[in-house]
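The chain below stands alone and is given in structure tokens; this is the form predicted alone.
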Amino acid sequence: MTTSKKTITRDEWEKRLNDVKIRKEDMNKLVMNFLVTEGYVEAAEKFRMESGTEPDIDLATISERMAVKKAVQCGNVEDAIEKVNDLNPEILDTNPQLFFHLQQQRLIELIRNGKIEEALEFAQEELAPRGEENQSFLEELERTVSLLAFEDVSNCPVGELLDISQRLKTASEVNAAILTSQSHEKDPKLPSLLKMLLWAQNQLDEKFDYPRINDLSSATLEDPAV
């Protein structure tokens, strides 16, 4: 037996929304959190001047963090490691998985550039000892080295390691580690709140017809179908 849904009119829904009081200061903090976490330093500085909202970290460190991220995204892993150590040596000292992934990315770049002998030597000297200590590291190393067995990497089962997406994945991991070392969330709060909005709407859909937000970019309320 199906239960009919209750319909909430636009006027009633907007009244309920207006009854919820949200401080502008809290909204500004959400915006600043997003700008800082995602690394938009110039926008964060301008927003601070216009809104008076202070970031919870030194904005100068954002530029340094973005320089590390950009280095990884461009394949300059050695430069990225040096920058991380300049920023905070403990980040890599206390995060062996991150350091391994950076070294793995360095191996991938050597293979990408056709430096086969150098890649083999690097894998044997720098990565193999870590693989002996950690089974998951060993499996990742074996996957990476298997790239060398294929002349045409487009037909290689692990060819995705050479995709730009692999660089982005490693860069994101470094970015998160730096943020954590600065006692800052590694992910911005705003996307999580949007996911919570979608979840809440899905829950409401089971019992009510109401003006819902279908396009998050415009946040426009759309009347329920009659």
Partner chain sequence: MNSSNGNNGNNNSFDRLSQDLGLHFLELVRIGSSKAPVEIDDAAPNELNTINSSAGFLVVAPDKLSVKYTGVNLHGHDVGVVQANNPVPVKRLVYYFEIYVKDAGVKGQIAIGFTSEGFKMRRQPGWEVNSCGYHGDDGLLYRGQGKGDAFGPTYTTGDTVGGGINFGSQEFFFTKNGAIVGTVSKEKEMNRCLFPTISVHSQNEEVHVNFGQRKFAFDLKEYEAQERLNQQMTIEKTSLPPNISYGIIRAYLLHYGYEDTLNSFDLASKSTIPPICIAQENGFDDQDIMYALNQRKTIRQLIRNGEIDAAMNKLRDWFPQIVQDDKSAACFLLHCQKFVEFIRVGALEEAVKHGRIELAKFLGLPEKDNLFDALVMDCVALLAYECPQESCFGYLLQESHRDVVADTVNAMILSTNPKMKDVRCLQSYLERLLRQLTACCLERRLANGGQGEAFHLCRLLN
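Residue numbers count along the first chain shown, from 1. Source: prediction; values computed, not measured.
Just so it is clear, the following notes concern the form predicted in complex with the partner chain, a form of the same protein that is not shown.
Asker: Sort through 57-65, 153-161, 23-31, 175-183 and report the only stretch with a non-hydrogen atom within 4.5 Å of the partner chain in the predicted complex.
Answerer: Comparing against the partner chain in the predicted complex, the contact stretch is 23-31.
Asker: Using heavy atoms and a 4.5 Å limit, would one call residue 73 a contact residue for the partner chain in the predicted complex?
Answerer: Yes - in the predicted complex, heavy atoms of residue 73 and the partner chain come within 4.5 Å of each other.
Asker: Does the 4.5 Å heavy atom contact test between residue 9 and the partner chain in the predicted complex come out positive?
Answerer: Result no; residue 9 lies far from the partner chain in the predicted complex.
Asker: Can you work out whether residue 169 and the partner chain are in contact in the predicted complex, taking contact to mean some heavy atom pair no more than 4.5 Å apart?
Answerer: Residue 169: no, not in contact with the partner chain in the predicted complex.
Asker: For the stretch 205-219, which residues lie within 4.5 Å of the partner chain in the predicted complex by non-hydrogen atom distance?
Answerer: Sequence-ordered list: 207, 208, 210, 211, 212, 213, 216, 217, 218, 219.
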